[in-house]
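Single chain ahead, by itself, as structure tokens, in the form predicted alone.
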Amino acid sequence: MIKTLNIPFTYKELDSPEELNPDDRELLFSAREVALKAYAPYSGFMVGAAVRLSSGKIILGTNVENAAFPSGICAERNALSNASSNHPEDKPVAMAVAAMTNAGLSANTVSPCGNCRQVIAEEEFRNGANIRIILSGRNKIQIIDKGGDLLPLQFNSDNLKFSPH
């Protein structure tokens, strides 16, 4: 029997950074600022990510492109790798992402790519805690309560368990 199922997804949308609480506003502005430091000579698409750890510390990451595609790394994975490597006991609780070109901040929000979504979901699974995602654009801001919502039917360690029956 074929069943039709629905995966609900809700998020918040704001018009201005002033609508954010002070911690989230700081995180968002950190992502926007660090995006300017991205190395994106091929695409001109600069992305910044700022991860807030449970201690309140903010860890930054940018995309880093490479002439040998796909050897670059996205800002989100860069920031989470930095957090995991340098602060393994301090869990990520929120992440802000901002993208820009030479013309400035992107008009609309830019969501993490599939690879980044998988890494965010794994980080949530590993730490047993959600990571709130704040996506920043010039015209709006979106808040997703948990990164795993960006990747329904995600692959995780349960998929690696072999059951003969």
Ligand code: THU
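Just so it is clear, the model here is predicted, and its values are computed rather than measured. Residue indices: 1-based, along the sequence shown.
FYI, the form predicted in complex with the ligand isn't displayed, but the following is about it.
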> Do residue 111 and the ligand come within 4.5 Å of each other in the model of the complex, heavy atoms counted?
Replying inline: yes
>> Even though the partner isn't displayed, in the model of the complex is residue 26 close enough to the ligand, meaning a heavy atom within 4.5 Å?
In response: no
> Do residue 74 and the ligand share at least one heavy atom pair within 4.5 Å in the model of the complex?
Replying inline: yes
>> Can you tell me if residue 55 lies within 4.5 angstroms of the ligand in the model of the complex, counting non-hydrogen atoms only?
In response: no
>> Within 4.5 Å, heavy atoms only, one stretch in 27-35, 123-131, 136-144, 41-49 touches the ligand in the model of the complex. Which?
In response: 41-49
> Across 121-139, which residues bring a heavy atom to within 4.5 Å of the ligand in the model of the complex?
Replying inline: none
